[in-house]
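Okay, so here's just one chain, in structure tokens, the form predicted alone.
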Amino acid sequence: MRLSFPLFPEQASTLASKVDSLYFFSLAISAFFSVLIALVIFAFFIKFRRRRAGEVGAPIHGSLMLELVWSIIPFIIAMSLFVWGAIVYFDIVTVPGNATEYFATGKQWMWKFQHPEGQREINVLHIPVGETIKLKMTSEDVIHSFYIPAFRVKQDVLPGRYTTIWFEATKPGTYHLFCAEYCGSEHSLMGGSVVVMEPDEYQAWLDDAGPVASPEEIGAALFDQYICSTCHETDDSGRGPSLHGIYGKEARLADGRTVMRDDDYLRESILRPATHIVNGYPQIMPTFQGQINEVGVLQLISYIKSLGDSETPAAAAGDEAVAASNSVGTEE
């Protein structure tokens, strides 16, 4: 019966046991005190029931020790749950440094994925077991929520910004993927699966897909397609700032603010360039809102991140990358 109708999803990630341990401890504490309070109420009901008509209970003047006990014990339990919960929370939101980055884009009513090697999937994500996976996610329309019950991970996917989630699968198999935020009339159909494979099987799956352009290569093709190099030259002599080596560094803006050049900064600069005007440069960059979709923006960001301080573009994109950018960067 348990196999055909399990009470809980199986544990299939390194985070699952941590989340379940906290959950079951909280459940046990709640059940213990619920039963204890019910038994005490019943015992008091029997012991202190009125036995004779007109009987009046004896006055109670209180007990300092009793007050301390029922204040200190709940405090210790509450603080233990808080500290434990905080530890689990920070484990969930802190992405390990060795994580491999994949892209995920929510759209009514599907999930679109891209592997670091360039392979793309819809509603199915193949990953190797034992590898730390980081998903950089955004939405093309409304709020979605990426949820894999077996991994015990869930993260809202928002339009106009990036969110991240990470996990490390511990056993091969196929696991359900859901959208956990109501997103429209076909919300219930917005699902999929995560296929966890042994590393050699995963590599064979990649090889079967054939050679494809990586996100950086497609981003380079988009960079050329929209003639971005006209303004963004390899040094700061162009009409716009150089993009080499800027990722992760601060920028001084024309209004005096200082901002970090992270993924959200680059996205805003591509879609709403008037938001961040770098000091010393005029606002002449056109917006690409509606011309490049979220997948294309992610690929452009990957390309910009790959540019070193004094390097040439990461990889010259071939005809295949150009074709891929034409289909990915402009689709609705």
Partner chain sequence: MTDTTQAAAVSASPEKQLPKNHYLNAAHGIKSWLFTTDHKRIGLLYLGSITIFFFIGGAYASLIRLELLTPQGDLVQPDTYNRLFTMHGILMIFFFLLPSIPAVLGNFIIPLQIGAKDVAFPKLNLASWYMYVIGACFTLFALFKGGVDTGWTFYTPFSSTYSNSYVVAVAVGIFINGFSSIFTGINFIATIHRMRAPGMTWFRLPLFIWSHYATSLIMVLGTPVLAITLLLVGMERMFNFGFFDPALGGDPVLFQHLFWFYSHPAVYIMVLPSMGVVSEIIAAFSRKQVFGYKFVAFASIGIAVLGFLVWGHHMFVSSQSPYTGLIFSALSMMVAIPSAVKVFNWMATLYQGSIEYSTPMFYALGFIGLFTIGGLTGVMLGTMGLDVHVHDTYFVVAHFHYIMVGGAVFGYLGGIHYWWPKITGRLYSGFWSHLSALVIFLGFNLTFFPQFVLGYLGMPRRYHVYPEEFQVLNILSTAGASILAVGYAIPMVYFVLSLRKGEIAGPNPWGAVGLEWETTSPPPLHNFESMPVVDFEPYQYEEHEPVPKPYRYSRSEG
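Positions refer to the first chain, counted from 1. Since the model is a prediction, treat every value here as computed from it, not as a measurement. Think of the rigid core as the biggest set of C-alphas that the two forms share within 1.5 Å after superposition.
Only in words, not in the display: the form predicted together with the partner chain, which the text now covers.
K.L.:
Check whether Val19 has any heavy atom within 4.5 Å of a heavy atom of the partner chain in the predicted bound form, and answer yes or no.
P.N.:
Close contact exists here: in the predicted bound form, Val19 approaches the partner chain to within 4.5 Å, heavy atoms only.
K.L.:
If you check in the predicted bound form, is Ser63 within 4.5 Å of the partner chain, heavy atoms only?
P.N.:
Close contact exists here: in the predicted bound form, Ser63 approaches the partner chain to within 4.5 Å, heavy atoms only.
K.L.:
Taking 4.5 angstroms as the cut-off for heavy atoms, does Lys171 touch the partner chain in the predicted bound form?
P.N.:
Answer no; every heavy atom of Lys171 is more than 4.5 Å from the partner chain in the predicted bound form.
K.L.:
Taking heavy atoms and a 4.5 Å cut-off, does Ser242 contact the partner chain in the predicted bound form?
P.N.:
Result no; Ser242 lies far from the partner chain in the predicted bound form.
K.L.:
Would you say all of Leu158, Cys179 and Gln289 touch the partner chain in the predicted bound form, counting a heavy atom within 4.5 Å as a touch?
P.N.:
Yes, each of Leu158, Cys179 and Gln289 comes within 4.5 Å of the partner chain in the predicted bound form.
K.L.:
Going by heavy atoms within 4.5 Å, which of 112 to 120, 145 to 153, 225 to 233, 207 to 215 lines up against the partner chain in the predicted bound form?
P.N.:
Stretch 145 to 153 is the one.
K.L.:
Which residue among Ser185, Thr258, Asn98, Ser237 has a heavy atom within 4.5 angstroms of the partner chain in the predicted bound form?
P.N.:
Only one listed residue qualifies here, and that residue is Ser185.
K.L.:
Since exactly one of Leu189, Val129, Val124, Leu253 fits, which has a heavy atom within 4.5 Å of the partner chain in the predicted bound form?
P.N.:
Among Leu189, Val129, Val124, Leu253, a heavy atom within 4.5 Å of the partner chain in the predicted bound form occurs only for Leu189.
K.L.:
Does anything in 53 to 70 come within 4.5 Å of the partner chain in the predicted bound form by heavy atoms, and if so which residues, in order?
P.N.:
Contacts from 53 to 70: Ala53, Gly54, Glu55, Val56, Gly57, Ala58, Ile60, His61, Gly62, Ser63, Leu64, Leu66, Glu67, Trp70.
K.L.:
I want to check Gly57: does it shift between the shown form and the other one by 2 Å or more at the Cα, with the core superposed?
P.N.:
Comparing the forms between the shown form and the other one, which are aligned on their rigid core, Gly57 does shift its C-alpha by 2 Å or more.
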